[in-house]
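Quick setup: one chain, the form predicted alone, written in structure tokens, and binding and motion questions come after.
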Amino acid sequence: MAVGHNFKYMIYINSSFNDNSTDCVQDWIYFLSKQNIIRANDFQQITSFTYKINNQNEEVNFNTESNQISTEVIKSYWYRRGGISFNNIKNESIYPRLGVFANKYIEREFKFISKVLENCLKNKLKGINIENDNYTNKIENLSIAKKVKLSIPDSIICTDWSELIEFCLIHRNIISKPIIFGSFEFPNSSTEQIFISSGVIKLDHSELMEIKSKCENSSFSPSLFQVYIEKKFELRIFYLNGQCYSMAIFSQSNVKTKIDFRNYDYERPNRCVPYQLPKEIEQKINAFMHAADLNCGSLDMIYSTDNQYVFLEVNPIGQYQWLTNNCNYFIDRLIAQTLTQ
């Protein structure tokens, strides 16, 4: 949506052009308040950028091919997808004799400058998520969860077969999971995309030894392993500004989804129902999100066969549509209300 500075005041949304969740939130914003919205889709190409700060004020103004955006006229913001890019700014014109070396230097500076907008929005306004939340650290989050007394699975990151085998002997069944990204995609041609996903894999000692027998080296790339915990059901919890909206996922009666509900069975979907967490667990989740400096996110937990709530991970920019549809939480409306209040 192309708008200019003459519209006061606006809601700023950074998303992708095909994100249905953003469309639904926009519909609710128009219904609740009819406020103006700046929606920047995917990675916006910046054509000009200005940052001003003094003892009284702090302001960011930047232009894209379709928008003129100023933090002075933004009243609230929601980071959903995408980001900003300075690729449209011609680096060569600044240091023409240094060529590619200057470009590398400036690109490094751009990474820091892009955080200026995030910090300005976060310092001045109320909003939901920032782009940097995309890079939340899965390992650091386990450490934070431990500090706030949330139960976590025994975990190890190692590079040595002997360490891994010892870990497996202690726990019998373990899982392997990605440390950072579970999936990525890249173009194969002008019309095709290649999508690669690294899911959760369950291993026992014999399977581990079979894999080791095929490896020539005694070490491997740093990898994350956790004890496999038998569970009664899994939990997806959407968190927004201190409130938890929880759903129980009965994934254990289906072989395809037993290890991880994200191995979706579209022919026999898991039964998903609203779930009320104990107040003590909600308080610990709230403490965790504050410590992680997140005001919104989708948390994955399990309820084990020995009746323990176990924290697995949090995705600040996770999908929530299926949770709101199964549980009638109207999360799209809640987000819109947060942005319009």
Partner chain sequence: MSKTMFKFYANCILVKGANRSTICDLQRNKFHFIPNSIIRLMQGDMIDSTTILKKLDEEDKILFDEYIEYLLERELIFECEAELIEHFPTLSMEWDFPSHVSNAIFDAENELHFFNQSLMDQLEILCCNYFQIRFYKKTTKVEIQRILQLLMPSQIKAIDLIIAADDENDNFEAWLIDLVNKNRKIRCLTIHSAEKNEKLQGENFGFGTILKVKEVVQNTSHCGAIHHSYFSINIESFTESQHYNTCLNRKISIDSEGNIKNCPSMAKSYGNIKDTKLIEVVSNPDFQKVWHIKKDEITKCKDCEFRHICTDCRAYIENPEDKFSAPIKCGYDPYTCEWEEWSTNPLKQKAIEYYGMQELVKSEE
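Positions refer to the first chain, counted from 1. Please read all numbers here as calculations on a predicted model, not as lab measurements.
The following text describes the form predicted together with its partner chain, which does not appear among the structures shown.
A.B. asks: Tell me, which of 248, 117, 168, 175 has a heavy atom within 4.5 angstroms of its partner chain in the predicted bound form?
C.D. replies: If I apply the 4.5 Å criterion carefully, the residue I get is 248.
A.B. asks: Just one of 79, 225, 233, 239 has a heavy atom within 4.5 Å of its partner chain in the predicted bound form. Which one?
C.D. replies: Exactly one listed residue reaches within 4.5 Å, namely 233.
A.B. asks: So, 272, 275 and 326: all three within 4.5 Å of its partner chain in the predicted bound form by heavy atoms, or not?
C.D. replies: Contact check passed for all of 272, 275 and 326.
A.B. asks: Partner absent here, but in the predicted bound form, which of 51-59, 311-319, 284-292, 22-30 has residues with a heavy atom within 4.5 Å of its partner chain?
C.D. replies: Selected stretch: 22-30.
A.B. asks: Consider residue 268 of the chain shown here, and say whether it contacts its partner chain in the predicted bound form, taking contact as heavy atoms within 4.5 Å.
C.D. replies: Taking the distances in the predicted bound form, the answer for residue 268 is yes, it comes within 4.5 Å of its partner chain.
A.B. asks: If we define contact as a non-hydrogen atom of the residue within 4.5 angstroms of the partner, is residue 43 a contact of its partner chain in the predicted bound form?
C.D. replies: Close contact is absent here: in the predicted bound form, residue 43 is far from its partner chain, nothing within 4.5 Å, heavy atoms only.
A.B. asks: Counting only heavy atoms, which residues in 295-312 are within 4.5 Å of its partner chain in the predicted bound form?
C.D. replies: Sequence-ordered list: 303, 307, 309.
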